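One chain follows as structure tokens, the form predicted alone.
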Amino acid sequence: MPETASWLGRLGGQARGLLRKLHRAVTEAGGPQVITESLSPRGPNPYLDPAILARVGFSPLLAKVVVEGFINGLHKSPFHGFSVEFADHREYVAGDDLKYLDWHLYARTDHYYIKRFEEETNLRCYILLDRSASMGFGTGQLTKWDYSCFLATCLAYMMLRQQDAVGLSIFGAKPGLMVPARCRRSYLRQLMRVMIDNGPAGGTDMVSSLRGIIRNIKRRGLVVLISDLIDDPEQTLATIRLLQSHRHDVIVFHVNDAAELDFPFEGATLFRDLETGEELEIDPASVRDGYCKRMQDICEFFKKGLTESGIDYQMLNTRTPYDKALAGYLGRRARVGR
């Protein structure tokens, strides 16, 4: 039986029912006809296609099915602790770096154990998720918020799988709800429930929100910011750098809808600001070049400013499948040894 079938079986009958629903959506889109083949990590996974996921809707169970399939195809985690001082052992998990395997302990116990180091023992990942109203925008059936929720779920699962702690902060015009970091695998469902119950609403104040979150993160760790970064660019950049100055390992995922990048609108169009309600009717053709140039400049501004500070920056298009977007980034991170 394929490896995929084994983890799928552990999810139970409800997951299999959901997968059949996903399978129908895939086949309607002209995808593979065999579930186990389409879930195989050997090639592109249609269940990670945002357009197909949008037909079913975000839910804790769907996220678990998708994440299990995605993680099954990864061979190595690129996330590590900060220290090299030995602390203790933990059981080996598929995907762990074999250079940390304790062969002497294996010879005595006939079981695989990984050496853990002082900070790695309690490595904490803090996911900061922007829930401002602009995150509710989407032209491809999948909003920036839904895409970000799947991304956050994938990252949280990865950390919990390697027995590290994960916390979640939902912010908008203020710091908002903060869920403390825990390392129980069952914690994933609780984190997903928080995302579902706290959808996008209200305005954006990146500066005060991030400063408030910084005060609540008492311990050095991995900080992942997921946002469309719609706020004053200079102040936002300075505040993200403040995270890094507190000795956190910082990753920024800049989430954009395809229409925000390409501005494909035609004819007189009424645009409404999701955060303020302000409306403006314009001819897209008359502003397209200037708008696209401004968007390109903003992305380059964040990329240059963050990478110069040693912060990972990744721009994401919501119509890019998760396996391409996230696996590509993780592969680059692993190669540079971060």
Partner chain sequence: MIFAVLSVLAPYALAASALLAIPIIVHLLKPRKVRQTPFSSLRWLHLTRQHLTRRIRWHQFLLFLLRAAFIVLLVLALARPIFSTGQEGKPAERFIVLDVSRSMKYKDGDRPSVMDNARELAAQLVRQALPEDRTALLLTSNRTDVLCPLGPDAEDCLAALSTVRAGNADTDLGSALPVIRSMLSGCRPGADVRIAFITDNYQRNWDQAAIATFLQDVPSPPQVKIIDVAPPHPHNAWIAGARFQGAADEASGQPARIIVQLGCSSDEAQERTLTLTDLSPLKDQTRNILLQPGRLTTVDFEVPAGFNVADKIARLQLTPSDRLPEDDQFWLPLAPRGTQVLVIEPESPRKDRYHPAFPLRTAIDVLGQEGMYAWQRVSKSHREVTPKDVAGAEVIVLADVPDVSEPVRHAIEERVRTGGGLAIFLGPHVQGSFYNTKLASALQPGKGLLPLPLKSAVPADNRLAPMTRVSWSHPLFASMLDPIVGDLGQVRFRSYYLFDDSPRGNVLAWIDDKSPALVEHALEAGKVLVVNTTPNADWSDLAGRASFVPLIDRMLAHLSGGGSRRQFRAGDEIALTIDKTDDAVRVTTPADASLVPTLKPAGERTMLRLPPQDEPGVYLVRSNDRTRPFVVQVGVGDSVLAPADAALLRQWWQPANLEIVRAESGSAGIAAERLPLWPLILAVASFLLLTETFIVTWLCPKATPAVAHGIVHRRGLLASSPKTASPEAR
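Residue numbers count along the first chain shown, from 1. For clarity, every value in this text was computed on a predicted model and none was experimentally measured.
Another form, the form predicted together with the partner chain, is not on view; read the next lines as being about it.
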Going by heavy atom distances of 4.5 angstroms or less, which of Asp102, Asp96, Glu260, Asp249 would be at the interface with the partner chain in the predicted bound form? Glu260
Should the three residues Leu274, Val287 and Ile298 be counted as contacting the partner chain in the predicted bound form, with contact defined as a heavy atom within 4.5 Å for each? yes
Which of 187 to 195, 168 to 176, 264 to 272, 214 to 222 sits within 4.5 Å of the partner chain in the predicted bound form, heavy atom basis: 264 to 272
Contact test in the predicted bound form: Glu278 vs the partner chain, heavy atoms, 4.5 Å: yes
Would Ser134 sit within 4.5 Å of the partner chain in the predicted bound form, counting heavy atoms only? yes
Heavy atom of Lys304 within 4.5 Å of the partner chain in the predicted bound form: no
So in the predicted bound form, does Glu91 come within 4.5 Å of the partner chain, heavy atom to heavy atom? no
Checked 210 to 243 against the partner chain in the predicted bound form; residues with a heavy atom within 4.5 Å, sequence order, are Ile230, Asp231, Asp232, Pro233
